[in-house]
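What follows is a single chain, given as structure tokens, in the form predicted on its own.
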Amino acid sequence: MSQRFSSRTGWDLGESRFAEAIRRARAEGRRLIDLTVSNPTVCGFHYDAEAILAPLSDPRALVYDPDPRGMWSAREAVAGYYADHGAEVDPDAVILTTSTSEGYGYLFRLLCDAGDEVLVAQPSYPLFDFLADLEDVRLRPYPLFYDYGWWIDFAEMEKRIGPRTRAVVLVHPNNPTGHGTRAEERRRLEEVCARHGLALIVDEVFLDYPLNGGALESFTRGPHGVLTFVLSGLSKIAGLPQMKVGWIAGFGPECRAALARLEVIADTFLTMNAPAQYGLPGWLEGRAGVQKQILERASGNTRKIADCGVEMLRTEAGWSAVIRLPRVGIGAEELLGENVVAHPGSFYGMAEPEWIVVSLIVPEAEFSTGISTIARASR
């Protein structure tokens, strides 16, 4: 008799046609221009290696003194980061995690029973599907629509709310659209959540990367009329995905009860290691250097898109851009024939076959060559 596996892991593990085409192209020795690279540690940015690595040898890390929410000094540093955004955050309202992915897992466990639902914007990064499957949670998409900028479709959002809906996830700014939630949208979103008794989960990992010169406002700034959880971490804030540091900050009605339950969840796993917690204050303090480099790269690459005459949908922040190709049968698969790799929009749940997504932190020379190739192939 063959082994039975959990239905929650019953994913299609086969290779997609697009991934297979990329693998074959590389096996043939073709040099591909990869415009999907979004790992900052391999994009040629300068890091202060000595300052970053020093905390990892701190002898205090040899003493095991677990705190389910995380060390006070580390949580205090998170509060200091938000103070720079004009928000007052109580370190006791912060739960450290190894990533925002783990933070989502904690929150899904906190808010949902098996079979309950969470609303997630579409387009969005497909990671949510796997996180929800592992927690036995169902995702229901609510649409963002494009009309000289991205907007939340509140009418459709309300239609998706059912008796088992427990929370709304908002990525601010959205990945990959770069949609930043405006003050009026926030007001309406909180009103919807309050009326239906829903929690609001806000992912702000790209908050520090505005592309139009205007800073985005963090949801950590009050007032908070509904139970709100803000997630972020060093992967984007300091360009350090390898350090595995994230957090949840809680606000609003019933927050104290929620944090007490989250503490038990965190205590059950105790995933955050001591060296990373000792390193967090210094890594946050030194974030400006790499943020400046990433912003300059992303802004410069958006200008390259415009200079080549390629249409980029309006993006307000983040590391990605959505490009609309002319309706001449050109999409991501056709671009691969020109040795350019871009994500098809369908990867993020976009129905339009002529929409592709590129990373804005690809090194300048390679990005320029790739965009020029896309411009030429689109004519």
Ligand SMILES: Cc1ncc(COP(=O)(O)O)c(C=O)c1O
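Residues carry their position along the shown sequence, with the first being 1. From a predicted model like this one, the values you see are computed outputs, not experimental measurements.
We do not show the form predicted together with the named molecule, though everything after this point is about it.
Engineer: Between the options Phe130, Trp72, Phe269, Tyr125, which residue brings a heavy atom to within 4.5 Å of the named molecule in the predicted complex?
Structural biologist: None of the others qualify; the residue that does is Tyr125.
Engineer: Of the options Ala93, Ile305, Val205, Leu262, which one has a non-hydrogen atom that comes within 4.5 Å of the named molecule in the predicted complex?
Structural biologist: Comparing distances to the named molecule in the predicted complex, the residue within 4.5 Å is Val205.
Engineer: In terms of non-hydrogen atoms within 4.5 angstroms, which of the given stretches 229-237, 252-260, 192-200, 74-82 touches the named molecule in the predicted complex?
Structural biologist: Looking at the other structure, the answer is 229-237.
Engineer: Does the named molecule come within 4.5 Å of any heavy atom of Ser101 in the predicted complex?
Structural biologist: Answer yes; at least one heavy atom of Ser101 falls within 4.5 Å of the named molecule in the predicted complex.
Engineer: Can Val171 be called a contact residue for the named molecule in the predicted complex at 4.5 Å between heavy atoms?
Structural biologist: Judged by the heavy-atom cut-off of 4.5 Å, Val171 is in contact with the named molecule in the predicted complex.
Engineer: Closest heavy atom of Asn175 to the named molecule in the predicted complex, within 4.5 Å or not?
Structural biologist: Asn175: yes, in contact with the named molecule in the predicted complex.
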